[in-house]
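In the block that follows, a single chain appears as C-alpha coordinates, in the form predicted on its own.
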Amino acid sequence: MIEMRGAAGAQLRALVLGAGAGGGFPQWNCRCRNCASFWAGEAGLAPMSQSSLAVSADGENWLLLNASPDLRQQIINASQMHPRAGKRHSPIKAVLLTNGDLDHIAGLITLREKQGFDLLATEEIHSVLRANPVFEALDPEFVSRKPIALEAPSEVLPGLTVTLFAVPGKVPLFLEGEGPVDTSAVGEFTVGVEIAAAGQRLFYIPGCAALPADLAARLSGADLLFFDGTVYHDDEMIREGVGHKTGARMGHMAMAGPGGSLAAFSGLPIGRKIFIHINNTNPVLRAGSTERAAVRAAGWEIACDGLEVALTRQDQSAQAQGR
(Lines give C-alpha, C1' and ligand atoms only; values in the text may rest on other atoms or scores of the structure.)
Protein backbone atom coordinates (compact mmCIF):
# COMPACT_ATOMS: atom_id res chain seq x y z
CA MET A 1 0.00 0.00 0.00
CA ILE A 2 1.20 3.51 -0.83
CA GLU A 3 0.04 6.07 1.72
CA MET A 4 0.63 9.81 1.41
CA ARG A 5 -1.07 11.97 4.03
CA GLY A 6 -1.82 15.57 3.18
CA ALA A 7 -3.91 18.51 4.26
CA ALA A 8 -7.11 18.09 6.25
CA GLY A 9 -10.35 17.49 4.37
CA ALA A 10 -11.18 15.42 1.34
CA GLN A 11 -8.48 13.30 -0.22
CA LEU A 12 -8.77 11.39 -3.47
CA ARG A 13 -7.93 7.75 -2.84
CA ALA A 14 -7.69 4.88 -5.30
CA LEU A 15 -7.52 1.18 -4.44
CA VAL A 16 -6.73 -1.44 -7.08
CA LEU A 17 -8.98 -4.41 -6.36
CA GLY A 18 -7.88 -6.24 -9.49
CA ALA A 19 -5.13 -5.41 -11.99
CA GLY A 20 -5.52 -8.22 -14.53
CA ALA A 21 -7.39 -8.38 -17.82
CA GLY A 22 -10.21 -10.85 -18.50
CA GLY A 23 -9.28 -14.24 -17.05
CA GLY A 24 -6.80 -12.71 -14.59
CA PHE A 25 -3.32 -14.07 -14.01
CA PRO A 26 -2.71 -16.92 -14.14
CA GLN A 27 -5.64 -17.77 -16.37
CA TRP A 28 -7.21 -20.99 -15.13
CA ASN A 29 -6.67 -22.98 -18.35
CA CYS A 30 -3.55 -21.32 -19.76
CA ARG A 31 0.03 -22.44 -20.21
CA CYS A 32 1.46 -19.44 -22.01
CA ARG A 33 5.02 -18.69 -20.89
CA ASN A 34 3.88 -16.57 -17.94
CA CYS A 35 1.17 -18.93 -16.75
CA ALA A 36 3.34 -22.04 -17.15
CA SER A 37 6.05 -20.37 -15.08
CA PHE A 38 3.51 -19.48 -12.39
CA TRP A 39 2.14 -23.05 -12.25
CA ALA A 40 5.74 -24.27 -11.91
CA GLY A 41 6.31 -21.99 -8.91
CA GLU A 42 8.81 -19.65 -10.57
CA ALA A 43 9.62 -16.54 -8.53
CA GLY A 44 8.83 -13.02 -9.68
CA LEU A 45 5.26 -13.64 -10.87
CA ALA A 46 2.40 -12.33 -8.71
CA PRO A 47 -1.21 -13.41 -9.30
CA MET A 48 -3.74 -10.78 -10.40
CA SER A 49 -7.51 -10.87 -10.27
CA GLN A 50 -9.63 -9.29 -12.99
CA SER A 51 -9.61 -5.52 -13.22
CA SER A 52 -11.56 -3.28 -10.88
CA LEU A 53 -10.72 -0.02 -9.11
CA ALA A 54 -12.32 1.59 -6.05
CA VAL A 55 -12.11 5.33 -5.38
CA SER A 56 -13.14 7.51 -2.46
CA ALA A 57 -12.98 11.11 -1.30
CA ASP A 58 -13.27 10.29 2.41
CA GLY A 59 -11.98 6.73 2.85
CA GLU A 60 -15.43 5.61 4.05
CA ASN A 61 -17.74 5.75 1.03
CA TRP A 62 -16.42 4.10 -2.12
CA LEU A 63 -17.22 4.15 -5.82
CA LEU A 64 -16.47 0.84 -7.54
CA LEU A 65 -15.25 1.14 -11.12
CA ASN A 66 -16.31 -2.06 -12.89
CA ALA A 67 -17.60 -5.18 -11.19
CA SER A 68 -15.09 -7.96 -11.76
CA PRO A 69 -16.09 -11.65 -11.76
CA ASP A 70 -13.57 -11.89 -8.88
CA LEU A 71 -15.37 -9.24 -6.83
CA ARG A 72 -16.28 -11.40 -3.83
CA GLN A 73 -12.66 -12.41 -3.22
CA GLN A 74 -11.50 -8.85 -3.90
CA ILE A 75 -13.83 -7.58 -1.16
CA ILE A 76 -12.49 -10.22 1.22
CA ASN A 77 -8.90 -9.22 0.40
CA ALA A 78 -9.45 -5.46 0.92
CA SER A 79 -10.36 -4.39 4.45
CA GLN A 80 -11.59 -1.06 3.09
CA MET A 81 -14.47 -2.95 1.43
CA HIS A 82 -15.58 -4.90 4.53
CA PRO A 83 -19.00 -4.30 6.16
CA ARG A 84 -18.56 -2.28 9.34
CA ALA A 85 -21.94 -1.46 10.89
CA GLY A 86 -25.22 -3.19 11.75
CA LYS A 87 -26.37 -6.49 10.32
CA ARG A 88 -26.00 -5.44 6.67
CA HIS A 89 -23.59 -2.79 5.42
CA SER A 90 -21.17 -2.06 2.60
CA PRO A 91 -18.84 0.89 2.01
CA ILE A 92 -19.54 0.39 -1.73
CA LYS A 93 -22.13 3.09 -2.36
CA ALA A 94 -22.03 3.17 -6.16
CA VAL A 95 -20.77 1.05 -9.07
CA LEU A 96 -19.78 2.61 -12.40
CA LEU A 97 -19.24 0.57 -15.57
CA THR A 98 -16.81 1.65 -18.30
CA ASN A 99 -18.07 -0.92 -20.81
CA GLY A 100 -20.23 -4.03 -21.07
CA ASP A 101 -17.46 -6.64 -21.19
CA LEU A 102 -18.06 -9.73 -19.07
CA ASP A 103 -14.97 -9.06 -16.97
CA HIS A 104 -16.55 -5.73 -15.98
CA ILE A 105 -20.20 -6.65 -15.42
CA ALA A 106 -20.27 -10.28 -14.19
CA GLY A 107 -19.43 -9.21 -10.64
CA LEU A 108 -22.73 -7.36 -10.38
CA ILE A 109 -24.32 -10.72 -9.56
CA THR A 110 -22.15 -10.83 -6.43
CA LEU A 111 -23.91 -7.66 -5.24
CA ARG A 112 -27.43 -9.11 -5.41
CA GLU A 113 -28.10 -9.56 -1.66
CA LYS A 114 -30.46 -6.57 -1.34
CA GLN A 115 -27.79 -4.01 -0.53
CA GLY A 116 -28.44 -0.46 -1.65
CA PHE A 117 -26.14 1.21 -4.18
CA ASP A 118 -26.33 3.27 -7.35
CA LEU A 119 -25.51 1.50 -10.62
CA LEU A 120 -24.02 4.05 -13.01
CA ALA A 121 -23.30 3.69 -16.73
CA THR A 122 -24.07 5.20 -20.11
CA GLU A 123 -27.53 4.50 -21.51
CA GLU A 124 -25.97 2.07 -24.03
CA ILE A 125 -24.44 -0.04 -21.27
CA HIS A 126 -27.64 0.07 -19.22
CA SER A 127 -29.41 -1.28 -22.31
CA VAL A 128 -26.99 -4.24 -22.38
CA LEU A 129 -27.87 -5.04 -18.76
CA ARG A 130 -31.61 -4.65 -19.37
CA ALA A 131 -31.39 -7.10 -22.28
CA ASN A 132 -30.09 -9.85 -19.98
CA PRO A 133 -32.63 -10.96 -17.36
CA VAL A 134 -29.95 -12.38 -15.06
CA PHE A 135 -29.22 -8.82 -13.94
CA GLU A 136 -32.78 -8.54 -12.63
CA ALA A 137 -31.29 -10.27 -9.59
CA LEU A 138 -30.32 -6.73 -8.58
CA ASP A 139 -33.51 -5.75 -6.73
CA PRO A 140 -34.66 -2.33 -8.01
CA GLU A 141 -35.94 -1.56 -4.53
CA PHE A 142 -32.30 -1.39 -3.44
CA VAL A 143 -30.26 -0.79 -6.60
CA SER A 144 -30.89 2.44 -8.51
CA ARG A 145 -29.87 2.25 -12.17
CA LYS A 146 -28.79 5.73 -13.19
CA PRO A 147 -27.67 6.67 -16.71
CA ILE A 148 -24.84 9.19 -17.01
CA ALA A 149 -24.45 11.21 -20.18
CA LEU A 150 -21.04 11.70 -21.74
CA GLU A 151 -19.28 14.94 -20.85
CA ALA A 152 -21.75 15.68 -18.04
CA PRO A 153 -19.99 16.01 -14.64
CA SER A 154 -21.97 14.24 -11.92
CA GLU A 155 -21.39 14.20 -8.16
CA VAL A 156 -21.91 10.49 -7.53
CA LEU A 157 -20.79 10.57 -3.89
CA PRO A 158 -20.31 13.56 -1.58
CA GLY A 159 -17.17 15.36 -2.76
CA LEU A 160 -16.58 12.93 -5.65
CA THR A 161 -17.42 14.06 -9.19
CA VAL A 162 -17.14 11.86 -12.27
CA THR A 163 -17.18 12.75 -15.94
CA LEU A 164 -17.54 10.03 -18.56
CA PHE A 165 -15.98 10.52 -21.98
CA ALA A 166 -15.81 8.35 -25.07
CA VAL A 167 -12.55 6.59 -25.95
CA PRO A 168 -11.81 4.47 -29.04
CA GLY A 169 -13.01 0.91 -28.49
CA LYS A 170 -15.62 -1.65 -29.53
CA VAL A 171 -18.81 -3.33 -28.42
CA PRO A 172 -18.57 -6.23 -25.93
CA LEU A 173 -17.38 -9.53 -27.43
CA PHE A 174 -20.78 -11.20 -26.95
CA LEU A 175 -22.40 -8.45 -29.07
CA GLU A 176 -19.94 -8.53 -31.98
CA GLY A 177 -22.02 -10.74 -34.27
CA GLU A 178 -20.76 -12.17 -37.55
CA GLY A 179 -19.88 -9.05 -39.54
CA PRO A 180 -16.84 -6.75 -39.42
CA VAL A 181 -16.19 -5.14 -36.04
CA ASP A 182 -15.22 -1.51 -35.62
CA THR A 183 -12.46 -1.78 -33.02
CA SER A 184 -11.92 1.98 -32.68
CA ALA A 185 -15.51 3.23 -32.50
CA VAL A 186 -16.12 6.30 -30.35
CA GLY A 187 -19.38 6.34 -28.44
CA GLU A 188 -21.10 5.10 -25.31
CA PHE A 189 -19.91 1.48 -25.40
CA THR A 190 -16.34 2.23 -24.24
CA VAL A 191 -15.68 5.16 -21.93
CA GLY A 192 -12.98 6.62 -19.78
CA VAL A 193 -13.67 8.18 -16.39
CA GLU A 194 -12.36 11.42 -14.97
CA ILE A 195 -12.72 11.52 -11.19
CA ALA A 196 -12.29 14.79 -9.32
CA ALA A 197 -12.12 15.43 -5.58
CA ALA A 198 -10.45 18.15 -3.51
CA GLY A 199 -8.90 19.74 -6.58
CA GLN A 200 -7.27 16.51 -7.76
CA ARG A 201 -7.92 14.59 -10.99
CA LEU A 202 -7.69 10.85 -11.52
CA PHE A 203 -8.38 9.11 -14.83
CA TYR A 204 -9.35 5.45 -15.26
CA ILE A 205 -9.23 4.01 -18.80
CA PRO A 206 -8.94 0.19 -18.69
CA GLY A 207 -9.79 -0.23 -22.37
CA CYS A 208 -8.58 2.06 -25.16
CA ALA A 209 -7.77 1.35 -28.81
CA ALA A 210 -5.85 4.57 -29.60
CA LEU A 211 -4.73 7.91 -28.18
CA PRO A 212 -6.11 10.63 -30.46
CA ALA A 213 -5.01 14.23 -29.95
CA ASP A 214 -8.17 15.27 -28.10
CA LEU A 215 -7.79 12.45 -25.58
CA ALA A 216 -4.10 13.28 -25.04
CA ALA A 217 -5.06 16.92 -24.41
CA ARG A 218 -7.70 15.84 -21.87
CA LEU A 219 -5.20 13.70 -19.96
CA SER A 220 -2.45 16.34 -19.96
CA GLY A 221 -1.85 17.57 -16.44
CA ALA A 222 -3.67 14.71 -14.71
CA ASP A 223 -2.52 13.84 -11.20
CA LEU A 224 -2.97 10.09 -11.69
CA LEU A 225 -3.76 7.87 -14.67
CA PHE A 226 -4.72 4.20 -14.70
CA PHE A 227 -4.48 3.15 -18.36
CA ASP A 228 -5.04 0.10 -20.54
CA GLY A 229 -1.99 -2.18 -20.26
CA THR A 230 -3.50 -5.31 -21.80
CA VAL A 231 -0.66 -6.37 -24.10
CA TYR A 232 2.95 -5.33 -24.56
CA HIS A 233 3.27 -6.56 -28.16
CA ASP A 234 0.23 -6.24 -30.40
CA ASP A 235 0.60 -9.85 -31.60
CA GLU A 236 1.75 -11.44 -28.35
CA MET A 237 -1.23 -13.80 -28.00
CA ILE A 238 -0.46 -15.11 -31.48
CA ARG A 239 3.26 -15.40 -30.62
CA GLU A 240 2.36 -17.35 -27.49
CA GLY A 241 0.11 -19.71 -29.43
CA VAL A 242 -2.90 -19.05 -27.16
CA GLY A 243 -5.06 -16.91 -29.42
CA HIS A 244 -5.52 -15.56 -32.91
CA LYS A 245 -6.41 -11.94 -32.15
CA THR A 246 -4.10 -8.97 -31.92
CA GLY A 247 -4.43 -6.38 -29.19
CA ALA A 248 -5.81 -3.97 -31.78
CA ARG A 249 -8.48 -6.49 -32.80
CA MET A 250 -9.55 -6.70 -29.15
CA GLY A 251 -9.75 -2.90 -28.91
CA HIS A 252 -6.56 -2.38 -26.89
CA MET A 253 -3.42 -0.35 -27.58
CA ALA A 254 -0.20 -2.30 -27.20
CA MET A 255 2.45 -0.80 -24.96
CA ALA A 256 5.30 -1.19 -27.46
CA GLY A 257 5.69 -0.15 -31.07
CA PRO A 258 5.37 3.13 -32.99
CA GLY A 259 1.66 3.38 -32.24
CA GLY A 260 1.93 1.99 -28.73
CA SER A 261 1.13 3.71 -25.47
CA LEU A 262 4.77 4.11 -24.38
CA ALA A 263 5.45 6.22 -27.47
CA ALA A 264 2.08 7.96 -27.49
CA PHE A 265 2.39 9.20 -23.91
CA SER A 266 6.04 10.22 -24.18
CA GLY A 267 6.39 13.83 -23.01
CA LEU A 268 2.77 14.13 -21.91
CA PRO A 269 2.74 15.78 -18.43
CA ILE A 270 0.97 13.38 -16.07
CA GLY A 271 1.82 13.11 -12.38
CA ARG A 272 1.72 9.32 -12.11
CA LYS A 273 1.02 6.72 -14.80
CA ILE A 274 -0.01 3.17 -13.94
CA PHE A 275 -0.83 0.36 -16.36
CA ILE A 276 -3.86 -1.74 -15.40
CA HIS A 277 -5.99 -4.47 -17.09
CA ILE A 278 -2.87 -6.52 -17.87
CA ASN A 279 -3.26 -9.73 -19.87
CA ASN A 280 -1.77 -13.02 -18.69
CA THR A 281 0.50 -13.09 -21.77
CA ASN A 282 2.08 -9.68 -21.12
CA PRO A 283 5.83 -10.03 -20.40
CA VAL A 284 5.76 -7.04 -18.00
CA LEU A 285 4.27 -9.46 -15.47
CA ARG A 286 7.76 -10.96 -15.11
CA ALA A 287 9.69 -9.01 -12.47
CA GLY A 288 13.06 -9.19 -14.24
CA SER A 289 11.93 -8.83 -17.84
CA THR A 290 13.41 -6.31 -20.28
CA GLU A 291 9.85 -5.25 -21.06
CA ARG A 292 9.15 -4.30 -17.45
CA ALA A 293 12.43 -2.39 -17.35
CA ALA A 294 11.41 -0.50 -20.50
CA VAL A 295 8.05 0.41 -18.96
CA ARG A 296 9.69 1.71 -15.80
CA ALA A 297 12.28 3.65 -17.79
CA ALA A 298 9.40 5.38 -19.57
CA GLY A 299 7.95 6.51 -16.24
CA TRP A 300 5.18 3.94 -15.91
CA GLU A 301 4.24 1.59 -13.08
CA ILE A 302 2.52 -1.80 -13.24
CA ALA A 303 -0.59 -2.09 -11.10
CA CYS A 304 -0.97 -4.96 -8.67
CA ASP A 305 -3.89 -6.16 -6.60
CA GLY A 306 -4.05 -4.19 -3.35
CA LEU A 307 -2.13 -1.13 -4.54
CA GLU A 308 -3.54 1.96 -2.83
CA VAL A 309 -2.72 5.54 -3.79
CA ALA A 310 -3.84 8.60 -1.83
CA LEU A 311 -3.38 11.84 -3.71
CA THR A 312 -2.71 15.08 -1.86
CA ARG A 313 -2.26 18.70 -2.82
CA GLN A 314 1.46 18.19 -2.18
CA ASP A 315 1.44 15.72 -5.08
CA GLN A 316 -0.04 18.41 -7.30
CA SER A 317 2.61 20.94 -6.27
CA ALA A 318 5.42 18.48 -6.96
CA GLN A 319 3.91 17.69 -10.36
CA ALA A 320 3.62 21.38 -11.27
CA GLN A 321 7.26 22.01 -10.32
CA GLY A 322 8.35 19.10 -12.51
CA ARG A 323 6.68 20.42 -15.68
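Source: prediction; values computed, not measured. Counting begins at 1, following the sequence as shown.
Just so you know, the form predicted in complex with another copy of the chain exists too; it's not on screen, but the next bit is about it.
Checked against another copy of the chain in the predicted bound form, the residues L202, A209, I75, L97 give one hit for a heavy atom within 4.5 Å, which is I75. Among the residues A254, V284, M48, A67, the one placing a heavy atom within 4.5 Å of another copy of the chain in the predicted bound form is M48. With the partner left out here, another copy of the chain still marks one of 224-232, 149-157, 185-193, 110-118 in the predicted bound form; by a 4.5 Å heavy atom cut-off that stretch is 110-118. Using a 4.5 angstroms limit between non-hydrogen atoms, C32 touches another copy of the chain in the predicted bound form. Interface residue remark: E240 is counted as part of the site for another copy of the chain in the predicted bound form, having a heavy atom within 4.5 Å. Though the partner is left out of this view, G23 does reach within 4.5 Å of another copy of the chain in the predicted bound form, counting heavy atoms only. Put simply, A85 is close to another copy of the chain in the predicted bound form: some heavy atom of it is within 4.5 Å.
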